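Below you'll find only one chain, the form predicted on its own, shown as structure tokens.
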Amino acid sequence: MTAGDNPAGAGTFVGGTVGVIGAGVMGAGIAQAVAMAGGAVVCVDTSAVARERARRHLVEGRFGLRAAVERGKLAADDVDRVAARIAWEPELSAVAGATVVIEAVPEDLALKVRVFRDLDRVAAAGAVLATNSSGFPVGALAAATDRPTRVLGWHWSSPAQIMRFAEIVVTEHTDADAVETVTRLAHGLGKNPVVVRDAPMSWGYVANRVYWAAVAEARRIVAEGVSTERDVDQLLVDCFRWPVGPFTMIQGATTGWT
């Protein structure tokens, strides 16, 4: 998925403190998106190395605050103010006061289940717990908690601080208030939330199911000798106005920007 500028504060931030679990590329990007919109963030990662790297990339990274200034999306005087809105913490208990907690740990189902079990114990009773999974069943994570009605998916696209994509995944048990809370927050971050249904028997929700179907067909075309990877990419860019073709997209995924 490709970058399209999302101006800082494009929406109006609504809500209290937002918790983010994981200070990797996605977690740090989510934290930055919230902070740029005016929200307070607690970003938790047990790794001191990950926290320090995220803190550094927040300001100096390719999509960091200095880059936002260069693109005219943030005033230079606001860099320190935005950075100060994010607390980088090692303990999960730091998100106890958050109204929404977004899990952004590696795409490992067992790990995510453990995180949700632990979050259920430390998060406020009414807090919404959201997973940034790319396609795992949201119902499986909800079942790991004692608050399944307050658990949903919030699938982001990288770079999270830029992309407007917000795929909100709900189960048959998700409370309407939880959906409203997250969609309102997404709008406040300048995102474009779209609510979809969890489909436990299929991986990928909507965006990734369509995307990987296109990738599979593109690979089949090349394997059959019909065209080359380069020409398939060019044809799809020219025909459908995609910013990049599927093979370029796959290469981008391996370098961490999708």
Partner chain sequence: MITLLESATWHNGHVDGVIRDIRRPVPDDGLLSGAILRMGDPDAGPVVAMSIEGRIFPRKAPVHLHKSDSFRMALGEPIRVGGTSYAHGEFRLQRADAFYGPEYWSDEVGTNQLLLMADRRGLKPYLTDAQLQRLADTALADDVSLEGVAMLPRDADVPHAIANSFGAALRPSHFDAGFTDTTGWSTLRDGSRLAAVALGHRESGVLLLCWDRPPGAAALPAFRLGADLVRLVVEGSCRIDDPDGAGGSAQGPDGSTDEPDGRTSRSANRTSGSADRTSGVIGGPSGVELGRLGFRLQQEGTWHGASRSGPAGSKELWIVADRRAWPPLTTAGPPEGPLAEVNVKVAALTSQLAAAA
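Note that the coordinates shown come from a computational prediction; the quantities given were computed from them, not determined experimentally. Positions refer to the first chain, counted from 1.
The same protein has a further form, the form predicted together with its partner chain, not shown here; the description that follows concerns it.
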- [ ] Work out which of 113, 122, 79, 105 lies within 4.5 Å of its partner chain in the predicted bound form, going by heavy atoms.
- [x] 113
- [ ] Taking 4.5 Å between heavy atoms as the contact cutoff, choose which of 192, 227, 46, 202 touches its partner chain in the predicted bound form.
- [x] 202
- [ ] Spot the stretch among 70 to 78, 184 to 192, 129 to 137, 159 to 167 with residues whose non-hydrogen atoms come within 4.5 Å of its partner chain in the predicted bound form.
- [x] 129 to 137
Task: Whether 51, 59 and 83 all lie within 4.5 angstroms of its partner chain in the predicted bound form by heavy atom - done: no
TODO: Give a yes or no for residue 176: in the predicted bound form, does one of its heavy atoms lie within 4.5 Å of a heavy atom belonging to its partner chain?
DONE: no
- [ ] Mark residue 143 yes when one of its heavy atoms lies within 4.5 Å of a heavy atom of its partner chain in the predicted bound form, and no otherwise.
- [x] yes
